[in-house]
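What follows is one chain in C-alpha cells, specifically the form predicted alone.
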C-alpha cells in the first residue's frame, strides 16, 4: 500500500490486475497445481555432510516401500547428453552437475531422487536412503575465509586514488552484510512430462520460460520448439527464478526414467539451499571530500561468498560508478569459495549491497564536514552524464527524487546533531540515502489476436512474477488502440507464445511495452489493408493515420471514413485476425545512458533500554520514467522497501561452522519483516517519460525500491543514537552494544 503524488481517487483508478480474480479465487494455477494424467511424485534426498565424496549409497530399504517407481543416483540415472562427460558439463555451464558427480559441495546437496505413486510414499522412501562419505575439510565461515582470497581490479581506475591523501576529510570503514534468502511465497516446483522421446512439456516456477526452454534443449540435445514451458502464474521470485536450478533437471530425468509425468516440489528448508540467495559480503570504503563537500575520490573494495563448484561475482562495486562523480576512483573485488550452494541475483543484486556501504560512508562524511546529508549528495550527483561511460543521461531526475522525499518526510524536523531528539525511552532520528540502477531494455515479441467484436488478446511468453506486467500490457494496448480495457485480455508465461526476455533486472516492462506498441502498429496496418477493399482511402495508410475504437477504425484526420469491425470481418470472411511484432533497443544505446533512481527517507524510534528499532515513517520517491500502472508500480516500490527493512534489521542466513548446516532454514528460524515490522510505505513518482528508452517512456522500478533503503535506516539509527552500525542486520543487541 502506498501514497502518491496527489490524493489517489479510487473511483477513477485503473481496474485491478488482469490476473487478480484468477489468483484470489484459486482459478490461477501455479506450477505444482496443474492436473496431469498419470502424475507421480518425486522427493530429493540431500547429503548429510558439507564436503567430501560419496563412497556408496544404500537404496535397498527405500525400494521396498510400496509405490516406489524408481530411484535416481549418480550411479543409476537416465542419460543427459549435455552432461555425458566432464567436457560436456563444463560446456553446459549449468552449475551443480546433479547426479553426475560423486563430489559433495554443500550439506543438503541432492544425492538421490525417489519417485513414487504418492507424495507420502516418496517422502517416506526418501527418508530410508542412506549414504557413506569420505569427508573433507569444510569451509562455511565467510568471515574466516576472507583472508584466503586476494582482491583484483573491478573495472578501470579513474584518476589517481592517492589524491585521497590530500582530502580535507576522509572516511575509511568496513561494512559486513549477512547472507539473505529470497523466500518467495510460492516454493519452486516442476511438473515434467515427456510427450515423446524428443518432446517435453514442463510446468515450472521460473521468471523466464524461454530461458528454461533453451537450457533444456541444449542439455537434452533436442529442438527448442520441442519443449513447452508453462509458468503462467508465479508466486514471487525476487531473482530466485532467473536461473534454471538442478531440481528441474532432476524432475525431467525422473520423468524419463519412469516414463510418466513427475512432480517435484521443494520443501521450504530445501528452498534455502536449492535456488540461490544473496551472498554474504565484506566491503571497505575510503571516501574523501574537500572542505566544501566536493568529493575527491573513493576506493571501494568488496568480497562476496560463492560456491566451490561455481563462481558467482555479485558485482558489488558496480554502483560506485553510477550515481556520483568521482574524479578519482579505484574498485577491487573478489569471491570467497565456500561449502555452500551457489548464490544468485536477489532484488537489486550487487548494487543493493554496494549502495549500503557507499551511502553509509557518505552519511558519516556529512557529519564530519558538518554538511546536511542532502546537500552533500546534491553537490556530487552525476546529473549530466554517466560518470563511467561519459554518455549523457537520457533522463535522470534523482535530484527531484531527493527534493520531493525531503518535503514528504519533513526533513526540516531532523536534528543536525545526533542523539538530540528524545521522547521518553525512545530516541528519534532521520536518515536518507539514494539508489540507482542501469535502466535496460531487451528485445521482446508480442502477438495480438483480434475477434470480430473488437476483443483483443495480447500475448507474450514473458512471465508476470507479481510486478504488474499483465495490467501494464493492458494499459499500453488500451492507450495505443483506444479499445476499452474490458475488451483487452492478456496471455503470458507460455513458451508457445511470442518470445520475450526473463522477468528480471527491472527490464520486463521496458522490453515488452515496446513489443506491444509494435504489435498494435502491425494490427492497424493489417486492418487498413483489409479496409482498403471497401474504401481506397485506406490503401496507403500508415499506422499513425489509423484510429481504433471498440467498434471499428477510422482516420485521425477524416473520421467520416469509419469502417466497423463487423463489416471488415464479413467482407473479408475473417475468423480471427492475428499479428506478431518484435521490438528492442537500437542506436539510442550508443547515444545515451539510461538509469532509474530513487531517494529513500526514514524516521525511526530507537528504544534505549531494549535496542528495538521501530520504523515510524518510510518514504520512497522514484524516477521510473512514465508510470504505466500506478497501483502496480507503487506495490513494486513498497514491496522492495519492505525488503530493505529486512536487509537492515533482521534477515540473516546463519551457518553452523561445526556441522556446515544452515541454521534457521525455515520461517520459524529465518526472520524477515511482516506487516507489524513496517509502516505504510509512502510512495511517490516523478513520472516524467524518458523519450528515448522505449515507445512508452517507462524505466524499470523493481530494483531501485530496495537500493538505498537499508542505508537510509542505518543512517536514521545513527541520527537517533550516535551509534554508527556498519554490519547488517542491525539487531537489538548491536544497537545496545553500539
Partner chain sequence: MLGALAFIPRGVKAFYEEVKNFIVPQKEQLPLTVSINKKSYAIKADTRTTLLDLLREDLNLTGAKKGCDHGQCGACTVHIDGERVLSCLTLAAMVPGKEVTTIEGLANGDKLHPMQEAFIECDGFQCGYCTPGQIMSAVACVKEGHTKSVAEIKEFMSGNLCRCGAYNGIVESIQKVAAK
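All of these numbers come straight from a predicted model, not from anything done at the bench. Positions refer to the first chain, counted from 1.
Only in words, not in the display: the form predicted in complex with its partner chain, which the text now covers.
Any of the heavy atoms of residue 187 lying within 4.5 Å of its partner chain in the model of the complex?
Yes, residue 187 sits close enough to its partner chain in the model of the complex that at least one of its heavy atoms falls within 4.5 Å.
Does any part of residue 41 reach within 4.5 Å of its partner chain in the model of the complex? Heavy atoms only, please.
It does: once its partner chain is placed as it appears in the model of the complex, residue 41 has a heavy atom within 4.5 Å of it.
Could you confirm whether residue 655 comes within 4.5 Å of its partner chain in the model of the complex, counting heavy atoms only?
No.
Check residue 300 for me: does it contact its partner chain in the model of the complex (non-hydrogen atoms, 4.5 angstroms)?
Answer no; every heavy atom of residue 300 is more than 4.5 Å from its partner chain in the model of the complex.
Partner-contacting position among 679, 689, 52, 695 - heavy atom within 4.5 Å of its partner chain in the model of the complex
For this set of options, the contacting one is 679.
From the list 234, 253, 428, 362, which entry has a heavy atom within 4.5 Å of its partner chain in the model of the complex?
None of the others qualify; the residue that does is 234.
For the chain shown here without its partner, which stretch in 588-596, 234-242, 206-214, 433-441 has non-hydrogen atoms within 4.5 angstroms of its partner chain in the model of the complex?
This holds for exactly one stretch, 234-242.
Who in 96-119 is close to its partner chain in the model of the complex, meaning a heavy atom within 4.5 Å?
Heavy-atom contacts within 4.5 Å come from 118, 119.
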